Structures are given as structure tokens and as C-alpha cells.
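Structure 1 and structure 2 below are the same protein chain in two forms, each given by itself as C-alpha cells.
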Structure 1
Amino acid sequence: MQLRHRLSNTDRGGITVTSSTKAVEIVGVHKHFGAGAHKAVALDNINLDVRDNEFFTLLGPSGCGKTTLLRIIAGFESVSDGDVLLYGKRLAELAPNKRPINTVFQNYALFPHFSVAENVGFGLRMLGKSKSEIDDRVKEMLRLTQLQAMAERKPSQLSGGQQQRVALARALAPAPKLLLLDEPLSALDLKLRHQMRIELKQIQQETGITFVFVTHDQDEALSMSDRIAVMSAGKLQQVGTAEEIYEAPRNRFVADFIGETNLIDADIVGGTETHPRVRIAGGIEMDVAGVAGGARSACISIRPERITLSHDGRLPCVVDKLVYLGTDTHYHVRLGDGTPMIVRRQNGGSDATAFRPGDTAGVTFDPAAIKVLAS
């Protein structure tokens, strides 16, 4: 079954869709609550595009503005300034129920007295679709979300993962131009969250519907997204693919928020603008990637998995503690000048070079693994 065939090029508001078509355009959006001394800025000049048929994620800590931005797109909040367009059409004048957008909420918001099939068909009934059309579409959605056997059950008879699938099927049934997902996996246990990540991405690809997903979970964002927008304190910090965000963070916040990293202060002692020469702990100097911007000092980022811990490493260290995580072990070490670092080593069946707290060792890393960060 290829549901994408149901969403032809003319189904996107009568425009021709290409791989570069902008599904959503956020243009200079500001949002504040209150006024005067009580004014709180939730969004500060947000500019970004979401492409057609893209799984796009808004990622950031609680209170960064990501859910506010999602609610503005849905129509549940208005902008203080700026504009939002869907396939080139302004949304400001459209009430939430008039926008070709559906939302999957964190709590799913299922109707407890309706069966699964009735929940999935609810939006279609509100649109005045015929019974035969509703029945066909409900069957299609239940098959897509693997809920055929649950059609007559009530939400209270379902697991959390099954309820999440019902909410997703209900939101997809009317074939919206855009689907918004507000932390829909946060209530699920870890193993089920991992499973649902795979299923969500597959469903998005099969339907061809543009997804905008909100989460504070870095692993969710990295594993599912075509592109990610990292937000902090109402501002957009960086937009890019998962690899771009992880491997080439633009600033200290992005490097620290996405995965684990070692942030170390360094002196810039030469080199070029794009490949400065830095001096770090122990007086070690090396040429690294990044933009110095004329500064004399910098913060550098080194991912734990890009560091080697051995008996003959270049920088002497002492192992303070280790954290065993099954697939790998994180070693917390201290360099000669007291600088702390985390080193990640994959666990093998028998590791004769394993270290214990109190052991002396050394760390080595490729200069290409070091990134100079903006403040």
C-alpha cells in the first residue's frame, strides 16, 4: 500500500510540489506574553522553513519556545509579530479548525466512549464524508498503524503504544497537509519509544505528509529527523541534518545539548581564521577546524567517542570514575591541569586494557575531532 499516491501534486493547495517546496515558512515570528515589566518573550525573531514531505523536528529544553511555535502553526496561539505560511498561503486569518493541519498531543486526547474505529473516523465525520468513504479510510489507517485487530476496543483497553497509534491514525485520516506532533512519545517506556520512533518515520514516509515534531529528547530528534531546529530561550540556535547538528555544532549550547561532549577552554595562538591553532591542557598545541573570529581564547568541543584512552596516550590523565552502560563504558578522567574529560569506549567480550578509578593513563584525539565553538 502506498498512501503517498493519495496525495498528488495538486493536493498541496493546487501547487506543484518539488523536493524544495516549502511546506511551512516561519517569517520573523515574535511572541511575547504580558506587557511592561511583566512581559515575557517566548519567541524572538524566528525564521525557518520546513520542506514538503519532511520529518522536521523542533528540539530544545523545556521553556525554549518549541511548543509555543507549534501552537502558533496550529492556530492555538497568535503571533505578536511576523507571519506563518503553509504552502505559500498565510495562516493568520484561518481559525484552527479551518487550517489543513492536524495535531497529535502528548496525552493523545482520545474519546473514551468511542471505539478505536470511531476515534479514527471522527474527523472524517466532522468533514461530512460519506459512510463508505469513512469506512474505507478507517480501514486504511488501521492497517497503516497495525490496529486492525483493535478496531472495536475502547481506549481504556489499549496499551500506551496502541493509544498513541490511534491518535496518529485519527490525525492522519483526513489527509492533512501538515501533521504536528507535540512530544507524543514522552509517556511511553524506553523500549516502546524506540519502537515507535521507527514506526513514526516509516508512516511519515509512506503517507508523504509533512511532519513537524516537538521533543526535548536528543535521541528522538537524531534518529527520526530529516532536519532539526535547535532552540534555546526563544531563539533559533541552529538548523541542519542530524549529522550536521551533531558533528558541526555552531555554538556551545548546541554542542552541549546534542549528545555528550567535552567543552574545554583553549587559547588561540596562531593559525588561520578557519583553522586556528589552539593551546589546550598541558601546553599541547594543534590546528583545528572552526572560526576564531579574531578572538584570543575559545571554547572547543570534543565528543567522548572521538577520544582514545590508553596507557601511552598523548595527554596524561587519572581515571576518576567509570559508568558502565552495557554497550559502552564512560570513563571520567582528569588531565594534569585538573581539566575533566569523558571518554567513551565500546565494551568488548574481554578487555585487557580496561581501567579502574585511580589508574593513570593518557588520552589521544585527532585534531579533526575538535571543533571551535562560538560563545
Structure 2
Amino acid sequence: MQLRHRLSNTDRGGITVTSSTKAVEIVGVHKHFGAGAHKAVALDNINLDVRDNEFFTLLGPSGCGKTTLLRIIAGFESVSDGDVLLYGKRLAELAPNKRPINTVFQNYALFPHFSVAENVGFGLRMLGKSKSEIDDRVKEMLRLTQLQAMAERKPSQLSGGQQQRVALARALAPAPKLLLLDEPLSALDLKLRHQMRIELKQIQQETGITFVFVTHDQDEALSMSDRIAVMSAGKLQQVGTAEEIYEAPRNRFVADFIGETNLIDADIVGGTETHPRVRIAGGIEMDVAGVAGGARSACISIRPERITLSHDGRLPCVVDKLVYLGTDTHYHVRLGDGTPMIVRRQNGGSDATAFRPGDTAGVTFDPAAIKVLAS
């Protein structure tokens, strides 16, 4: 908290933190590369706000434009159309080295001829801080990232995880208004990745710096973010908290991309605009929440953990195969009309009735677990 106070007093590039809660505003941003027949659209009308002190994540599959958006914010790429504002100030006029933004690069981009301490102090040196101030701040950053023992080493003498932390310390040292992180954890092994998730989140909360974090890993996004923007093919699909995105996906892409789900085609047979009545395989009809928009058919989503498999289940099915996953088991089943479904059951429960492939059983689910998706 002491750190946070000190950081919020900084002011660079003529940008002062106002009472506005918007750290970044991205307004109608388009970006294409090339021209004519080779024209490739990387970003298509992106509109979003990042709030002050927020851990904001851009999530999407490879090639959806996450890095491009990040590079536009950092100033390494120009927009084809639209505007980017930082605390209300247009960024287009500011060169990258004038923006109070720091980046943790995907491949770290550490200066190979500088020691860890020199790397971390570089930004402050460029800002013309005094030697003693730089030394103090570097020490503080190395402590924060647990790199005190590495201060004199060269980047080539560090492990991947250590390099990643140097990149983080280097970007944090100048106390930027905004920190951009481009898949910083992707090169780490699973265990280190989990540990770094917690550390990153902790550092974000301690420093109060606004983070924009890029990843294609949904677990990473769900576990760290205050809010998530899901992107696909250069378009923004949905923005919301982890819970909103997981529990109330707005469309088929988001439901499919975030977590595991069963996507089933259904007919809309009545009900109201906001509470349509759907008929799914086997002729079962139920009233569910969601916007049908007057369509005759829709796609519905049911999470595997919201379905129960039992001998007296409502919809008869046949068990196809089991996938054992440690804490739970996935049952791949087929409904009467052949619709496949995945059911998740926790292992070791008292009611654990074993099902074998080929067994007949039944699935039951609460209509509240069903989401009707815009396709």
C-alpha cells in the first residue's frame, strides 16, 4: 500500500490521473495490414474501456489480434482508424518513448549486454533519475520479484522463469500508469506458471498499476482477471468478469472457447422473447432464460458439471466412453437421437455409481443451467 501511494504520484507525458475511472479507452479501432488483394484485417471495430487499477485480460485464440491491439496501445503500431485514449488523453500524438506505458514482451526482449540490475534500472535511467534513486528502486523491484541474488548476472545466465521476472521488474520499475503483458507466462512450465499467476496478481494489487494482460489460455484469464475481453478473428466477442463470461456467454464462440460445454441445437417452440421455450433431442421441452430474438431455432449451451448422470435420469442415454481426469471423470454419452454430450462427475463422491461404456443411463439437468446463445 505504501508502494501504491508512491506510484500514484508519478506524472509523465503530461498525463495526470483524474477522477475518471477509465484508464484506457479504445474507440472504434480498426487495423489492417497490407493493401489490395493482400489486405488482412487484424482488428475490426474494437470498442472497450479498461478501468483504473484493473487487471484486464485480452483472451482469444492465436491470430485473433491480441498482440496487434497491445502494440497499438504501446505505440509500436498505428491504427487504420479509431482512437486510443489513456486517462482521457489521445495517444496518437505521443511517440512510444513518451507514453507512460511499459510492456512485458512475449520473448522478454532483455538487453543481453546489461546485467539484471542494469536492465531493471534502464527505464529510470532514461527518465533521468539520480543514481541513488535508481539504485533504491532497482533493489525494491528485485525484492518484489525475488531476484536479489541475480542482480549482477547477465540475462543469458538466467532460467526462463527468472528472465520473465526480470522483464516484469524492468517494466514495473518506472512505475508506469499502465502495464502491458503479452503472454508473459507462455514459456514457463506448468508449476511455475501457476506460481507466477498468483505473484502477478499480488504485484498488481500491491502496486495498483493497471494491467492489460494478453493470453490465449482461458485458465490464466479466469484465475487472474478482474475483467476479460474475449476476441476472435479481430472482433470483440464479449467483455465481462470471469463469472459473467463463464456463466453467461453471449454467443456460441465464447461458450465454446471458455471452459468446456455441450452445444446442442434446439427448436424454439414458444414462450416469450426473454424466456423462450425450447425443444431439444428426444422431444423434451423446457422454459429457459436467454434471448431468442424471434428465431425458430437456436443453439443452447449446458456445462458438463451442470448435468447429472444416473440410472433414473430424465433423458435416456448410452455411455460411450469414460475419461478419467483425477478429481473428476468425463462421461461421453449419446442421447436417444444420437446427440453427443459430456457429463462431468466428481470422483470419490458417496453416490458414485460406476458406469461402464455401453451402459444405458439417463441425464438430468435444471433448465436454469441452459443458456440460449445468439449464433
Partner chain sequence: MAGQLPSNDDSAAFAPARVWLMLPTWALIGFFLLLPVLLMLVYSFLTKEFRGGVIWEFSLESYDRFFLDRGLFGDEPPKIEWTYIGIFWRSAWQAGLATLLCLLVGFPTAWFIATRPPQTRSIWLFLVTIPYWVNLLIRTVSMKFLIRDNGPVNELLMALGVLDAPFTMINTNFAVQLGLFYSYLPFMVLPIYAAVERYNFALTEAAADLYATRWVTLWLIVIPVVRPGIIAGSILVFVPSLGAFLAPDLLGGAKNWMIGSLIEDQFKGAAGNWPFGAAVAMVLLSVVLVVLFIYARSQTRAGAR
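Here the rigid core means the biggest group of C-alpha atoms that line up within 1.5 Å when the two forms are laid on top of each other. Quantities reported herein were computed from a predicted structural model and do not represent experimental measurements. Just so we're on the same page, residue numbers count up from 1 along structure 1's sequence.
* To do: Choose between structure 1 and structure 2: indicate the form predicted in complex with its partner chain.
  => Structure 2.
* Can a Cα shift of no less than 2 Å be assigned to I245 between structure 1 and structure 2, given superposition on the rigid core? -> No, its C-alpha moves less than 2 Å.
* Is there a C-alpha shift of 2 Å or more at F111 between structure 1 and structure 2 once the rigid core is superposed? -> Shift at F111: 2 Å or more after core fit.
* So with the core overlaid, does the Cα of L158 end up 2 Å or more away between structure 1 and structure 2? -> After core superposition, the C-alpha of L158 moves 2 Å or more between structure 1 and structure 2.
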